[in-house]
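A lone chain, given as structure tokens: the form predicted on its own.
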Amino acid sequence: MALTSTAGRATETSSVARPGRVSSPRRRRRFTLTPYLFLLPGVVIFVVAIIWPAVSAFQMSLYHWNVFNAQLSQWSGIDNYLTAFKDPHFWQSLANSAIYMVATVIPQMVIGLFIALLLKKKSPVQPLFRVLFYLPVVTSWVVVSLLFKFLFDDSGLINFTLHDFLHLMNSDVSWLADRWSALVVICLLGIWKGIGWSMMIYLAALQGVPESLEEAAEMDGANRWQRFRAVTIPAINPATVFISVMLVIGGLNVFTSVQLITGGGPVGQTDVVLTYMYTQAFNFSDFGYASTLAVILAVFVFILAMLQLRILRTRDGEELA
């Protein structure tokens, strides 16, 4: 009994002696709100820069929008969408966007992976080559677009080299006056500028591949190609999925190179969705129809990205989305 009463008094004494350990409701509330206060600036920027413009664009797509006085805009419902689906120039611009996407994504991934494999091993010149291959990525789209326009102009360096210097052609070629040759020039620019980005992502992924796996495969008698196919490719599969999704989104949103090199010409044959949307908005002041094109493209890109994430799975069968 004496021991019990002594323990009880000790417990009471300790609880009285340390009242500061009991946190007040205000202190708990302040601690709980701290993470949200850190997230608040990012959420505000996301809402102002992404959500609000997207909602506004969808709202504008339902009107014959008057850019000078929004109050005078006339409700059109889905008329703009019906017009877009019946517009042959929209479908041609969407086809050009798809052609650019297909023609640039695969070469950027394949060549980027090849260069990353070459630069994987450390050497005295490795940092220099990394910078050289990544330099086009950080170069302005405006600068490189104007550079390619100069190179492939009728009196540009390419025609001079092939016709006047090497005498491989009988006459100069109007590269930018034909739909297909102009698209080739634009796609070459996209590939050249994007290889360095794919290379850096793949290089980071390759450095994360455990060397023990490759050593074990080598001890089992696997040659270099077998090790690459059975060990390296599955290990960098998440990077491949990320690169493919980002490149597809970027390919379908091509604008600057087309606008500066051809301006959508000749006669709109090289228009992509964004250049056609730009023309409708700023040349014809049809912001309602331009917003409709933007919404359709956004939905198309979203669906395609989701399909990619569903189709491209990790090796153990778990979906990445």
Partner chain sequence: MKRSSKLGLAVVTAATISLVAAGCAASTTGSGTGTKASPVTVTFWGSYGNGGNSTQQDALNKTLIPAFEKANPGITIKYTDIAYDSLLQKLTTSAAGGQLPDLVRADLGWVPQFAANGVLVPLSGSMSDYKTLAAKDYAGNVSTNLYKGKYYGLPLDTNTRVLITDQAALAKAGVTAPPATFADLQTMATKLKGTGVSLFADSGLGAWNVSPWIWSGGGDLTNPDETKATGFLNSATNVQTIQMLVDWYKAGLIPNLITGNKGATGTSDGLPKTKYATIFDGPWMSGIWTGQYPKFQPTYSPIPAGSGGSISVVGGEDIVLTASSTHQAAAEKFIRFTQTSAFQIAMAKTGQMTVEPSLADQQAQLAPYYKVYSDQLKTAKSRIASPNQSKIDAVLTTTLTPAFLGKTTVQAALDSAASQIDALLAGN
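Quantities reported herein were computed from a predicted structural model and do not represent experimental measurements. Residue numbers count along the first chain shown, from 1.
From this point on, the text means the form predicted together with the partner chain, which you will not see here.
- For the residues 176, 115, 188, 243, the 4.5 Å heavy atom test against the partner chain in the predicted bound form is passed only by 176.
- Interface residue remark: residue 284 is counted as part of the site for the partner chain in the predicted bound form, having a heavy atom within 4.5 Å.
- With a 4.5 Å cutoff on heavy atoms, residue 227 does not count as touching the partner chain in the predicted bound form; it lies far away.
- At least one heavy atom of residue 278 is located within 4.5 Å of the partner chain in the predicted bound form.
- Among heavy atoms of residue 68, some come within 4.5 Å of the partner chain in the predicted bound form.
- With the partner chain left out of view, the stretch that reaches within 4.5 Å of it through heavy atoms in the predicted bound form is, among 152-160, 210-218, 117-125, 76-84, 152-160.
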